[in-house]
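Shown here is one chain on its own, the form predicted alone, set out as structure tokens.
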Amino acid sequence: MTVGLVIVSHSSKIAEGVIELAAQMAPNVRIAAAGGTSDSPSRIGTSLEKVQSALDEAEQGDGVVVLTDLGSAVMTAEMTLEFLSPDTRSRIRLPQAALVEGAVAAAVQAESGGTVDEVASAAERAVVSIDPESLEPFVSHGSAAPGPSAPLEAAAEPAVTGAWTLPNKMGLHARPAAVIARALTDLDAEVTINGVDGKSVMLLMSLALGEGKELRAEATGPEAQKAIEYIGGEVKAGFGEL
């Protein structure tokens, strides 16, 4: 079982679209939509009944993280929680997170076996700030968001490093970023890729590394060598896209 996700949006199409995107990164995570009103799928609004139904669909025993778009969606989600038993409510988290970025990051964390608190935290940390002139998809351009994490501090042991040129046409786009972040999460190593946390799918996507760009990795810890070998193998294989 994994932590489930619920996407609450005023638009049924937005909820379904976010799920479609997140599911590409985390195919084994149960994600349920609660978009639009209950009386008409095409009408903009939120529905307590839809949120309740989505919670029932997403819950598998490990908890549920609920992500919302606008303020009244948060209110609807909070009202729904009031009708649940204390035991059920204790397994649900409602983080303050951007809907799209948060859903992608949370889904990847859930796919990796994260707890409900870890999945909620991943959603909250998802928004990154990049050059506003960049039009790379799936990355927030909010000026108030935190920037990329600082490089790892110098470790007592020497770091294992590697550098490769991206051979595939789309480079380090959303899918391979999610694959790498998920795999590195399972390794006992601290890894940076081009200066950002290698275990953060959103930070990896913010690099906007296309074909012909250099990907540089640095790792420390017991499984540092394994992490570098894994990254190198994925890059050389073009992330399965060659």
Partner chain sequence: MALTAQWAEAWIRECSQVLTEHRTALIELDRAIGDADHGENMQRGFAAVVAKLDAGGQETPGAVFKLTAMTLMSTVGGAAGPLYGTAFLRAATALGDAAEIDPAAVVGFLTAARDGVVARGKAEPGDKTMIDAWTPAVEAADTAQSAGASAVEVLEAAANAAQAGALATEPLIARKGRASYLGERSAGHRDPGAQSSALILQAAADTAGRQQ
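All values derive from a computational prediction rather than experimental measurement. Positions refer to the first chain, counted from 1.
Not on display, but discussed next: the form predicted in complex with the partner chain.
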*Residues in which of 77-85, 163-171, 100-108, 113-121 have heavy atoms within 4.5 Å of the partner chain in the predicted complex?*
77-85
*Close approach of D188 to the partner chain in the predicted complex, 4.5 Å, heavy atom*: no
*Contact test in the predicted complex: D39 vs the partner chain, heavy atoms, 4.5 Å*: yes
*Should T46 be classed as touching the partner chain in the predicted complex when contacts are defined as heavy atoms within 4.5 Å?*
yes
_I'd like to check something about L70: if you look in the predicted complex, is any of its heavy atoms closer than or equal to 4.5 Å to a heavy atom of the partner chain?_
yes
